[in-house]
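Shown next as structure tokens: one chain only, the form predicted alone.
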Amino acid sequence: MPLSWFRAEQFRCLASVELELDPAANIFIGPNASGKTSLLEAAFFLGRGRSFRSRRRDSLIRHGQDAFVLTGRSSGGVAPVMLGVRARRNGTDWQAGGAPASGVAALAEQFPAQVIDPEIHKLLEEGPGRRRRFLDWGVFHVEPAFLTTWRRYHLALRQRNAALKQGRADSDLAAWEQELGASGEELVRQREAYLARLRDPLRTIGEALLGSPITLVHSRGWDENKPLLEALGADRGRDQRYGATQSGPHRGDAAVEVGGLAAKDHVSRGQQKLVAAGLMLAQLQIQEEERPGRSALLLDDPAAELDGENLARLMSAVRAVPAQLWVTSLRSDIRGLPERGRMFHVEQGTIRPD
């Protein structure tokens, strides 16, 4: 199971909570502003190193405190692994297996959490940056070389952009373009291989949720009739005017379609939630194929903006994915909740088992 035990200290309204978790489903019931979403946010931070609600780490630290601490026991591998995060206002410390970790990647391998929350429709509505993060998170879990490739590309990108801003000579730009072109082509190859794996799960889940297949249409981020190295050379004059590299996988996208039509323009807000949820569920399915028993799905107020029929479809699709569930709700009688699991009551930042 992903987490068998979890503790959060000084995280938002949660002064100190400690949970023994069910391997299948954990249901958190309580009124608005009781701390339910904060709990999911804390669990998400343990596995992803960021919040799904705020970009400001300081806002996550409980008022009057200097840091928050998150600890969990991952039991999905051969042996249990302790994970830990201590986030201060000026930095974050990570631990995995009782030893310091250089970053969140070591925790993400042990506890790859996904979240479906009332704002998930932004995956369709917002710009390509959010969809690139979704795509790269998936590639990270199936392609061992991805993180190295991603770092190579972004290091070369930063260096070329710095050279552009400094007005450096074409020969200096060309030196970075070699590495940028090679790592960028490899990054796109990895993304496209992952998209090919997503195709069948998305088709199946889309039919179950919406009666139409969900597809992702990939844009590489440059003229696809040219190698990236050639495109960078051709675009050099424009890049010098802008002071930044305009072509490459950092400009790519994965546009979402339902039944061949752009999802953000042709489906309702409630259906957008189903489409975005379908993307997360397909990604979870592949994560579990690669590393069984580690994934968790954090489902925040699933009834929001969904009628009874669509909620039942969502919960049916959720139950079909072999991931540990963390579900929050105002009420315990959500249609389609798993029959087995553990229920908790949340009130004013305290959590107690039923």
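As the structure is a prediction and not an experimental result, all values here were calculated from the model. In this text, residue numbers run from 1 along the sequence as written.
Keep in mind that the form predicted together with a small molecule is missing from the display, and what follows is about it.
For the three residues 13, 37 and 61, a heavy atom within 4.5 Å of the small molecule turns up in the predicted complex in every case. In the predicted complex, residue 33 approaches the small molecule with a heavy atom inside 4.5 Å. Of the heavy atoms in residue 313, none are within 4.5 Å of the small molecule in the predicted complex.
The small molecule is not drawn, but in the predicted complex it has no heavy atom within 4.5 Å of residue 48. Residues placing heavy atoms within 4.5 Å of the small molecule in the predicted complex fall in a single listed stretch, namely 24 to 32, out of 24 to 32, 290 to 298, 318 to 326, 305 to 313.
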